[in-house]
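Heads up, the chain below is alone and in the form predicted on its own; it's given as structure tokens.
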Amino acid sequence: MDELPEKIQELIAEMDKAAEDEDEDAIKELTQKLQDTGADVEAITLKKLSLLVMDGEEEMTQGWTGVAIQIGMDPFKVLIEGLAAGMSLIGKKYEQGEAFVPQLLIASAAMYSGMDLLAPYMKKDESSRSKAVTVVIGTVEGDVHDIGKSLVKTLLSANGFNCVDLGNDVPASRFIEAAKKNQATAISMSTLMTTTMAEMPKVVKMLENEGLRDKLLVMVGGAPITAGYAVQIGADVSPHDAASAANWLKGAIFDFPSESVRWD
């Protein structure tokens, strides 16, 4: 932001104050002033959101999410390139030992505050087969992180999928029980830690033992998970991000037998 002209930096500073004060009228007025300068308000907003999430600034994240909504930005772009990008920044700091778990949690609270505002503006795809498809989703046992899982859930829900969210620290047996109870089409598992990766093949093995593997698509994801690992454990795919997960599943279900055939 330091490279921007002084006038724009002054308006951004005023916007920060208005966002912190939750002054919606001032936010609208300042947004218009920013647009009048000819500045790339979308780029500024995405950059601000990523930095605010990284710093865990919940109120200002909400304020700048309001700016994104006001100027009509694509909510998916705001989610991925703004809010989630901020989590990626703090995640890298965590991996490098420059941030700790409390900072991750504060940043995630900021991200969720923005996601809550965006949710009503995410247009659901009601025209595709996805609206009849149930996905059981959760973070595997031993892992309490739910940021990645929640991002995938948000994108799946926005694409019309019915998500059964089991939360975090989910035992393998609960994935199986929920899949059977809901006659699901897919199971989506995530983990942030290498120490809990071994929970994923447990779920796949239980599906095989119960004769259910062919009834379900299995997605695995998280920082330590690779496409090779997905193949190794018998999962179908390991999308590299939440948007890819939703897009992959939208395509995969068209070649997959219907629920009535699989669960008869």
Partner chain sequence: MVSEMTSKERVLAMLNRKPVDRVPVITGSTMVKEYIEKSRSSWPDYHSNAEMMVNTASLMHTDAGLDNIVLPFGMFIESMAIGLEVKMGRIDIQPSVRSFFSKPEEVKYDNFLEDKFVKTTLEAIKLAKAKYPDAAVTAFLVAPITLTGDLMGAENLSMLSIKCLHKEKQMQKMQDWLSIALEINRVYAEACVEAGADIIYYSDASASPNLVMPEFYYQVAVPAEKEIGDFVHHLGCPWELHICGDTVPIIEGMASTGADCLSVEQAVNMKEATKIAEDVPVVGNVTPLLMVEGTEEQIIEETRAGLDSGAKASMLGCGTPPLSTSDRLKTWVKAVADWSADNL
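All figures in this text were calculated on a predicted structure; none of them were measured in a lab. Residue numbers count along the first chain shown, from 1.
Absent from the display: the form predicted together with its partner chain. The rest refers to it.
For the three marked residues, E141, V144 and T195, a heavy atom of each sits within 4.5 Å of its partner chain in the predicted complex. Although the partner is absent from this view, P102 contacts its partner chain in the predicted complex, with a non-hydrogen atom inside 4.5 angstroms. At the 4.5 Å threshold, heavy atoms of E199 reach its partner chain in the predicted complex. Contact annotation: E20 falls within 4.5 Å of its partner chain in the predicted complex, judged by heavy atom distances.
In the predicted complex, E81 stays away from its partner chain, with no heavy atom inside 4.5 Å. Just one of S113, N168, S157, T134 comes within 4.5 Å of its partner chain in the predicted complex, counting any heavy atom, and that one is N168. Between the options I106, I176, L118, A85, the residue in contact with its partner chain in the predicted complex by a heavy atom within 4.5 angstroms is I106. Stretch-level contact analysis of 224 to 232, 42 to 50, 27 to 35, 203 to 211 against its partner chain in the predicted complex, using heavy atoms and a 4.5 Å limit, identifies 224 to 232. Note: D55-P224 Cα separation is 3 Å or more longer in the predicted complex than here. If you compare C-alpha positions, A246 and S108 are 3 angstroms or more closer together in the predicted complex than in the form on display.
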